[in-house]
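Given next, in structure tokens, is a single chain: the form predicted on its own.
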Amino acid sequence: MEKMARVTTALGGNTITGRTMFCHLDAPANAISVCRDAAQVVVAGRNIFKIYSIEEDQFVEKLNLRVGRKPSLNFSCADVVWHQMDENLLATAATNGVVVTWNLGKPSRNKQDQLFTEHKRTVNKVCFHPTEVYMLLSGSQDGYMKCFDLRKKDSVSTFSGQSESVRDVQFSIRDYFTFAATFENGNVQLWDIRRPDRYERMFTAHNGPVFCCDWHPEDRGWLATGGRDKMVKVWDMNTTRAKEIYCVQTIASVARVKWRPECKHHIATCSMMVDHNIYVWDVRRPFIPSAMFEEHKDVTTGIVWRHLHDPYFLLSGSKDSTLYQHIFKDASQPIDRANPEGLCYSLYGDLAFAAKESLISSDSNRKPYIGDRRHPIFFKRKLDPTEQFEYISSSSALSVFETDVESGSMDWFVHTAKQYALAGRPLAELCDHNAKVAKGLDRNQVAQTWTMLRIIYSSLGTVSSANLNHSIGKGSTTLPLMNSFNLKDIPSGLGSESRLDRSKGESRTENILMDSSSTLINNEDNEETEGSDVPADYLLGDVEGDEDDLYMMDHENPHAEEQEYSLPQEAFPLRHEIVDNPSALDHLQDKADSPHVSGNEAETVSLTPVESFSLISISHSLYENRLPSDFFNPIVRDTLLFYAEQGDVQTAVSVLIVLGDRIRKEIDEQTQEHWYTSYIDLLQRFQLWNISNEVIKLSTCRAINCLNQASTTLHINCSNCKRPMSNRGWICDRCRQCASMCAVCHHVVKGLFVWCQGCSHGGHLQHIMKWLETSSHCPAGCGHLCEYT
């Protein structure tokens, strides 16, 4: 502790000096409160009720208020408050429903002054009026709030919140007669102490119980609330209707909120469970705390600023039986550990990039690239020199890179989804149709992919030769063979990844028919010689060694090296015997087009580049026997993974559905499910509900198939007793009343039923709509400003 900073604050003649320190308590604390001069603190709990003096270096026990031989539940405190005008006056809320006042000026050991036993259940909160010495307010688990005059024996007024439990009550600093009360149903009510019959205003603040509230100390009409929904909300009560102006998202239920003195936008919070730390938030920066105190080892139950005008000393009590004084200079700053850089794409391709402002400013000499249209938006605030922390290191600048409207358009996605055919036709027709759709949208790569899938997986016998035969020049004709391939249509994997391993040393016999104007085959035993009488257009017969290497030969420079192109042996099945004068070639119209030309004539035929040379003809029956049906599956799988990584999950899912079992086993179930969910989410974003449902039905993933089969479950509360409905009928099994009564016509609702989530009242849809045309209050008369969604 010696390394902790020592802070001295001068407050109107009084000097507050101290450091971070703690003391062990006899039992866990439920609440703490500090006296007016910030010199003493009272700690209350189920088994502890003591006053400690706050010295410069330690806490010193001054008084134990638990006296007497017999233990009394009056000493078991849920809350304690020290009057800010009378330093001898305290009040406690007992767990047995008793409100007790204590007079420290009594000479006897027992300082108990008055007992108020009007509440029937545990009192959760007590609060003194900020300017009236004898006015005390309490809120209980029984749903009632009571105002006591300490000069009288009984309460002077009772306020019914028409709810199950009151969790907090706080007098307004701005208005003498106003106090706020929070409830377990999520509502906040504002009351005038002169009118106990009806609240002045009510609004729904949280989704769940509201555990605490605190008025802003600078008389601004701001009310902070914290609830089980892990949120701290700041409401502007100056308007006719409560307006949420700030919202802080925490990581656990909020048990206490306290505005920081002299700092307009700072508020301290602690949690009811799970999280043991105390956070100080800047409500304008709601996603990361400004400061954090991590000393407690168990849940923090009470926090209070030591002085109304001192922002540097914070006192806290905890279930770990410790009392701490925190110094703001010793607090950790989570912002220092936060990542100031961020990157995100919008749905339409805009790129947002956040970085430290120092990095952006130091990069001022950077020349923008062509098309760089940055619109910097700075999420920072002007530094306040009066505040303890300066956010220089945590200031980030946001730059937005916008895309062109046309390039960012997603019309192609919608048109593709609407026009694609995924089932109901043969595979070849589906591929051709989808290729045509992609081609019409200028998505040539996707169109080529569909064409390749049709060639790979469709039955070759059913495809017309006109679709598969490709000619070289305008004079060429279709050869009398069953099927043909252009080398452009053969995946690159055939020449490299799928190449036959020659280490086995096996040789085989193949008959290869090639166009004389395109390619020549050269090996050790057969060489083309200039002026040879033997036509060297084809190599027929036995081939050993590198029979699958094809070379392009230049007639003028026959010894020049040419780029090698290799094909797998499976692509060249055995061919029928070549005869000298095949009758099938009678239809060739001229000699130049014939595959049989003399050596001199072959020299005159111009050669075409290797990437466009014509056809390798393959016998259909032998092709099927020699090439496995799943030979191309790894290539297709890699193609789908490529499209998914590029963000085109539409193509990946469409191919997956069309190919079905042919490719499904190559891709793991988790990856398929991820693709399906991503594509379905995109379809639903564009409101393509029918297409989304079709994709769900065609999918084979169990997790996807059940998406359109799950029914909607609705959990509702009874409009009478406010308890959850456990049965499926119209009668609540607790209060035995009909839960679905229309608040307008008072009849049972048998059709469409609409209700307010704040007060649980509702009725027929048409009746409620008609009622809201003239009034915004609940038709049941509860006074709630209903909102129907």
Partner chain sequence: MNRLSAGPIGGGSAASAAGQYRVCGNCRKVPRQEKRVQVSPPLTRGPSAFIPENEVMQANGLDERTNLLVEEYSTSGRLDNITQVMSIHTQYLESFLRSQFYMLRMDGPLPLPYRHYIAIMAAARHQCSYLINMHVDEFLKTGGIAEWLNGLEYIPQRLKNLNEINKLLAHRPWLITKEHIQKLVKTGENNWSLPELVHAVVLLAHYHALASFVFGSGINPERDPDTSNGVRLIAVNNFCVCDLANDNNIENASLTSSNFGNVMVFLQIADSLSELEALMERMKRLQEDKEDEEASQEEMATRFEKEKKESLLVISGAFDDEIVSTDVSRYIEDPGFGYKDFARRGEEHLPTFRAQDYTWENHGFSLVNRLYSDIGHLLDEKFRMVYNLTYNTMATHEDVDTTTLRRALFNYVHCMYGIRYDDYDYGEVNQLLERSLKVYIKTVTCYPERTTKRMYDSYWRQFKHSEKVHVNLLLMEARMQAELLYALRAITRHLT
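Positions refer to the first chain, counted from 1. None of these values were measured; they are calculated from a predicted model.
Separately, the form predicted together with the partner chain exists; it is not shown, and the next lines address it.
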| item | value |
| --- | --- |
| Triplet T17, T269 and M292 all within 4.5 Å of the partner chain in the predicted complex via a heavy atom | no |
| Options 251-259, 438-446, 322-330, 644-652; stretch whose heavy atom lies within 4.5 Å of the partner chain in the predicted complex | 251-259 |
| Among the candidates E341, D298, D236, E666, the residue which, in the predicted complex, approaches the partner chain to within 4.5 Å (heavy atoms) | D298 |
| Single option in S160, Q114, N207, T700 placed near the partner chain in the predicted complex, where near means a heavy atom within 4.5 Å | N207 |
| F211, heavy atom within 4.5 angstroms of the partner chain in the predicted complex | yes |
| Interface membership of M273, the partner chain in the predicted complex, 4.5 Å heavy atom rule | yes |
| The partner chain contact at R228 in the predicted complex, heavy atom, 4.5 Å | yes |
| Close approach of R174 to the partner chain in the predicted complex, 4.5 Å, heavy atom | no |
